[in-house]
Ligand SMILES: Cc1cc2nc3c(=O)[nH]c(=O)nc-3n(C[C@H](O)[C@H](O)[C@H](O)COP(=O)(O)OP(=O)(O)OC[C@H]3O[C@@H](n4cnc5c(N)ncnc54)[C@H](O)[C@@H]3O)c2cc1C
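Listed next as structure tokens is one chain, alone, in the form predicted on its own.
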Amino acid sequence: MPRPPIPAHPYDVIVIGGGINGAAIARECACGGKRVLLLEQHDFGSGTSSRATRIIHGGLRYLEHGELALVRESLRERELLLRTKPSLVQPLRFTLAIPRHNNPFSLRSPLALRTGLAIYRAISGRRPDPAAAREDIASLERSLDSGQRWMLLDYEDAQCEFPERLIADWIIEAAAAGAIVRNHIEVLSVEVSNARATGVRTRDLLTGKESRFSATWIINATGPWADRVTAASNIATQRMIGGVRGSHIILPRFSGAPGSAVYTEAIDGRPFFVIPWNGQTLVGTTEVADNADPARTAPSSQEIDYLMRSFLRIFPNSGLSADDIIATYAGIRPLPYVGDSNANATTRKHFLHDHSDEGARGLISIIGGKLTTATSLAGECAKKIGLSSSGEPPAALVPQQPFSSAGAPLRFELTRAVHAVRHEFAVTLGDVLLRRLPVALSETWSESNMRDAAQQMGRTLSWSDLEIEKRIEDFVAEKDAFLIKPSGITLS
């Protein structure tokens, strides 16, 4: 269905990038009364945000690097999301499973870990249910490598199985508060005049139409694309982003799998997670420097080998092998550029880079950020442009179509799919099946499911047979580029 044209009037704020940070910023500014335009080159949440480990956490590992303030912020934001988005963000028990170190002065010695967890729980105010924790630990003990001595400790964080839906919710709330939001619009450049950013030049990727829009403030919330935006705009700035690829593998649930998530050490001692997710098992993540095109990132065979061997080190009796990998995916974390420093030690704090000293006053680039702290980042950004606090979107204006990731597996529902097109800014089949109603992320999703869904939507939305086939073709290409089925993996 055709999209209405974007109003050409001046905006208070143009937000470039519709991932978790861009969505939160657009919502915050629109609810604060600003005239907002949000532009995303692909679909909302289709980049780094959908390629994360899908947990909402305080950052237990940040304590190891002494970032206590970041832990406090993350835990505060975790509680906010648990309270305000209970259908999408739910508590999740974690078991810390660490091989016992002989060195009592190690940062991962029993004393250090128990002290760190005590601090973590004290800040968060949450403690897992003792009975459930004992059950999870007992289950995990039966599954772990019996040839290794393990220290098992429990704590609680949270999970957002589908951050794509959290982003969609915030986009809808931003629009309800007056923001103009558009996906599949590429920002070609930020326009600068008299040392001030004055607007953006865009191209609609669906129609090819180029346009210009002006604004008082422009927020570059494109994540790993941030340096590309400034380069295309001829803004002389030092490199901001040090891209780090995080890869994951998706495995089936296996006999004896614990009910809680497991936070443990990989084969090289780095921390990694084994998490129940969407009826499957999510294993990740890696940290590999990657400054290539973020849209084309994919796990390397070495990363897949690393994750699978690390998983089997913990769960040697799972009965799984590399042949059982359902899919793999990777995303680029937009961490601050720190040269050749160890990515594992690079801060996860976010920064607002003001380009005033580089001849582009009014342009702010977002560096870093993560799922958990998007709302606090949005608040900082709003204050930067003169907003003291935001309001809430008028409830009556928000199309009510509750989505819950809890409980029963997702299934395709035509009414929800059509609602996504008419009210949630979904345009392509991938927008619907991978993000608004992410049924295509299920292990049981098949080609027949896809064709049935496309045919049902096509009949309801008056797509021609030719258009249905084209949409299916585009969806297959997008899904295959995101969820990659490895082949020929031989573990080293």
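Owing to the predicted nature of the structure, the values given are computational and were not obtained by experimental measurement. Residues carry their position along the shown sequence, with the first being 1.
Not on display, but discussed next: the form predicted in complex with this ligand.
J.: Pick from 34-42, 449-457, 419-427, 462-470: which stretch has a heavy atom within 4.5 Å of this ligand in the predicted complex?
T.: Contact criterion met by 34-42 only.
J.: Is there a non-hydrogen atom of residue 365 within 4.5 angstroms of a non-hydrogen atom of this ligand in the predicted complex?
T.: Residue-level check for residue 365: no, no contact with this ligand.
J.: Does this ligand come within 4.5 Å of any heavy atom of residue 258 in the predicted complex?
T.: Because no heavy atom of residue 258 falls inside 4.5 Å of this ligand in the predicted complex, the answer is no.
J.: Might residue 225 be said to contact this ligand in the predicted complex, defining contact as any heavy atom within 4.5 Å?
T.: Taking the distances in the predicted complex, the answer for residue 225 is yes, it comes within 4.5 Å of this ligand.
J.: Indicate whether residue 55 is a 4.5 Å heavy atom neighbour of this ligand in the predicted complex.
T.: Residue 55: contacts this ligand in the predicted complex.
J.: For a quick check, can you give me the residues of 3-41 that have a heavy atom within 4.5 Å of this ligand in the predicted complex?
T.: 16, 17, 18, 19, 20, 21, 22, 39, 40, 41 sit within 4.5 Å of the partner.
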